[in-house]
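Single chain ahead, by itself, as structure tokens, in the form predicted on its own.
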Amino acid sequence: MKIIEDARAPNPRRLRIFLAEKGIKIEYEQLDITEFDHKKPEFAELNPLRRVPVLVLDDGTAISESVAICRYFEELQPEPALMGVGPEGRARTEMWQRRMELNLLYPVAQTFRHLHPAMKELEQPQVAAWGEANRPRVLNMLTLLDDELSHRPFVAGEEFTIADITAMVAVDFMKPAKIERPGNSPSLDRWYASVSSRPSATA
């Protein structure tokens, strides 16, 4: 069993943090997306969408999409639970995970991919107007998140979950995307200090 990734990318980092929280060690194989390794036919056979990470099982089965891979390991090793406990807890965690992915990480990524010069060859076509359009979406979601975090310690509730992982990776990805965090966000700042100090954050 191994994971194929480019460790610099945000989605592989989400998976690394998830596995570190569970104490799961696994073999990693690196490819370089700046050299278009993910476009090569042998990788496309594993993931026709040509995206990382990909989990390759011992029998050759390939599983892609970060959250799907996390779900696989959650089923293998339920503790510590990172995707919620019980019907309500799982649903609430999934709700906030999707919100963080679609309304925070995605617009940060779109800002980066469509505005950063390093992405010129990888993002075709690069549409600057779309990159700029996503900046306010990021800030609006962070404002909402600051309010939500004033009522609880973590994104989805009382415990650290995959929703916190996605949100933290998104906030960190704002730096290369050149998006400044909004000021006067005490709950967001408190939460970020907490999650980024966890040992798994450096996985």
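This is a predicted model, so every value here is computed, not measured. So that there is no doubt, residue numbering starts at 1 and follows the sequence shown.
One more form of this protein should be noted, the form predicted in complex with another copy of the chain, which is absent from this view; the next part is about it.
Figure note: of the listed segments 169 to 177, 64 to 72, 153 to 161, 34 to 42, the one touching another copy of the chain in the model of the complex, with heavy atoms no more than 4.5 Å away, is 64 to 72.
Shown here without its partner, the chain carries G86, R90 and A133, all of which come within 4.5 Å of another copy of the chain in the model of the complex through at least one heavy atom. Among heavy atoms of E148, some come within 4.5 Å of another copy of the chain in the model of the complex. Heavy atoms of Q110 reach within 4.5 Å of another copy of the chain in the model of the complex, making it an interface residue. Contact annotation for R99: at least one heavy atom lies within 4.5 Å of another copy of the chain in the model of the complex. Proximity of A118 to another copy of the chain in the model of the complex falls outside the 4.5 Å heavy atom cutoff. Within 4.5 angstroms of another copy of the chain in the model of the complex, the stretch 100 to 132 places a non-hydrogen atom from each of E101, L102, N103, Y106, Q110, H114, E123, Q124, P125, V127, A129, W130, taken in sequence order.
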